[in-house]
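The form predicted on its own is given below as one chain in structure tokens.
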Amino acid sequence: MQSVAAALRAVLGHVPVLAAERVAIARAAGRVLATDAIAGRPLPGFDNSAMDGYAVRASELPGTFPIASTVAAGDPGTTPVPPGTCARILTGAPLPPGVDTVVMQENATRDGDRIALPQKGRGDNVRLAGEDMAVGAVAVRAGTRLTGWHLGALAALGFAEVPVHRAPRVAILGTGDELVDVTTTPGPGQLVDSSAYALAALVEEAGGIPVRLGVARDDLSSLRPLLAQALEHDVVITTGGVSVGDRDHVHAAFADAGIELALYKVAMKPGKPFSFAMRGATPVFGLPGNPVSTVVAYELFLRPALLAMQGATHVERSRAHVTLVGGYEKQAGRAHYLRATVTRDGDRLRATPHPKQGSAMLSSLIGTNALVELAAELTTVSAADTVPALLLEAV
């Protein structure tokens, strides 16, 4: 069996990076930038006031000045301010020619129709052109997954479109005679294919385009045509049928379709039967059938792969060291991933495992925000020990 780390290296070493395309900035949230975004204009584009106040020459301070003009945001600000005078200026307004400092209005004193201003340093309360971003600066680096913060900066720089890697189209194919769609009331011995909906949402969160293909029966004649349809997509995910039971036919269907198995079985719990294969440039993931195993395997391998295919620089979840409430005991040989709730306790993080850790316990995925990672060689974790955890949400 492969270790988790070795399995992830194998996956990331095989998956391709998808080609780039240009999209409107309004549709770029969550996409990964394909090339560095270089500032083609300064930000801000002109010297402007950071405060409501009075624009003046620092060399003439302190003093009492007549108001020569008023400049508001949106004004061109091209009229010079004569020596010995000041200009009333509002936040964001361009600094008129001849002045170099803004005295905020709270520090000004009106003296009839004149304004008394105290001593201030040259450039006080002035935002200089290009001090945020200069022309030629890298505004956002390639490999960045774009958020609203990035898009706001890019919009300010005039990027109406951005080059991003293509979003992977991900086929999701369930297998198993027992599975039915959520629209069908399960009969005796049947289960809803819940993993199809969980995976579709997770794929979308990672920037992919999920395509649910339904459920293949536990026989090759049902699996082969659906697998062929799945292979028309950028990524294939199957759930179930990857173990060694009498009715586990996924690997046989892989072989029939020319899908070369790159790895099978990982030293982890849950999710041991995970398999990964390639068919040309198409990654194929065989996930276990139990829903928790499916989600854990997705988090460890498939989510990083989807982000890597989009050219992302950072593909793994953030990790933090946590104190495991109550400790834990396990056998050596496999890494364990405990669904847990991580909370802050002063400067420490405490992880409380969900009481139901079985691989079929969907309730263990609700309300938890971390996967506590217990290394394969560990057997006992005491209540005072710290261990790593993958943070599924910010804590």
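Just count from 1 along the sequence shown to find any residue number. Everything numeric in this text was worked out from a predicted model, so none of it was measured. Here, rigid core means the biggest group of C-alpha atoms that superpose within 1.5 Å across both forms.
This protein has a second form, the form predicted in complex with a further copy of the same chain, left out of what is shown; the following refers to that one.
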item	value
Non-hydrogen atom contact residue 127 with a further copy of the same chain in the model of the complex at 4.5 angstroms	yes
Distance check, residue 380 to a further copy of the same chain in the model of the complex, heavy atom within 4.5 Å	no
is_contact(residue 332, a further copy of the same chain) in the model of the complex, heavy atom dist at most 4.5 Å	no
Residue 25, heavy atom within 4.5 angstroms of a further copy of the same chain in the model of the complex	yes
Residue among 228, 261, 252, 73 with a heavy atom within 4.5 Å of a further copy of the same chain in the model of the complex	73
Interface residue in the model of the complex among 84, 158, 214, 121, criterion: non-hydrogen atom within 4.5 angstroms of a further copy of the same chain	158
Candidate stretches 305 to 313, 111 to 119, 274 to 282, 192 to 200, one within 4.5 Å of a further copy of the same chain in the model of the complex by heavy atom	192 to 200
Residues of stretch 337 to 355 in contact with a further copy of the same chain in the model of the complex (4.5 Å, non-hydrogen atom)	339, 344, 346, 347, 348, 349
Rigid-core frame, C-alpha of residue 335, shift of 2 angstroms or more between the shown form and the other one	no
Core fit, then residue 67 C-alpha moves 2 Å or more between the shown form and the other one	yes
